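There is one chain below, alone, in structure tokens, taken in the form predicted alone.
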């Protein structure tokens, strides 16, 4: 059934006339650029990373290991094991970097088990030192990588589980073996592209 012509006419009149306030209001809002401080964006991203990591560590790894169902292991890809919490974060960081959106995150430490997790820049090293002293305060700033400008934020990576502590304290490659629960073990570096 074809709608009456009158409804189409009323719709056109509303859009052009009496209802124009709604359309122009919508256009004004959509035309106004929304600016979000990079610090806030980094905080948003970090809160999602942290929530996922805590849920994975406490509700999956810890519970499955405690019940004897499956353990987390360093060589999880070739074994019947879960990724360690640090490996979970590293793997998800790789997927995000591969998405092509420009945003990246990674795990770094002043006491890395593997050399590829050590700080790559002076900014990262200073940031790790800062969050080790003040874990509740991220270390932030603008950096250049090649010709591109980025905002970086480094957040303290805290041992939220005994699984993390045990792994680092017992690993053959570990340069530090005295970690305790809630100690800062390193940092999560979030890199966000910004316009020049």
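Basically, rigid core = biggest C-alpha set you can superpose within 1.5 Å across the two forms. Positions refer to the first chain, counted from 1. The shown structure was predicted, so the numbers you read here are calculated from the model rather than taken from an experiment.
This next part talks about the form predicted in complex with heme C (HEC), which is not shown.
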Residue 112: touches heme C (HEC) in the predicted bound form, heavy atom cutoff 4.5 angstroms: yes
Heme C (HEC) contact at residue 152 in the predicted bound form, heavy atom, 4.5 Å: no
Proximity of residue 120 to heme C (HEC) in the predicted bound form, heavy atoms at 4.5 Å: no
Contact label in the predicted bound form: residue 140 to heme C (HEC), heavy atom within 4.5 Å: no
Of 158, 61, 49, 130, the one that lies within 4.5 Å of heme C (HEC) in the predicted bound form (heavy atoms): 158
Answer range among 41-49, 159-167, 143-151, 130-138 for contact with heme C (HEC), defined in the predicted bound form as heavy atoms within 4.5 Å: 159-167
Contacts with heme C (HEC) in the predicted bound form, stretch 132-146 (heavy atom within 4.5 Å): none
CA of residue 49, rigid core aligned, shift of 2 Å or more between the shown form and the other one: no
Is_shifted residue 132 between the shown form and the other one (CA, 2 Å cut-off, rigid core): no
Rigid core superposition, residue 160 Cα moves 2 angstroms or more between the shown form and the other one: yes
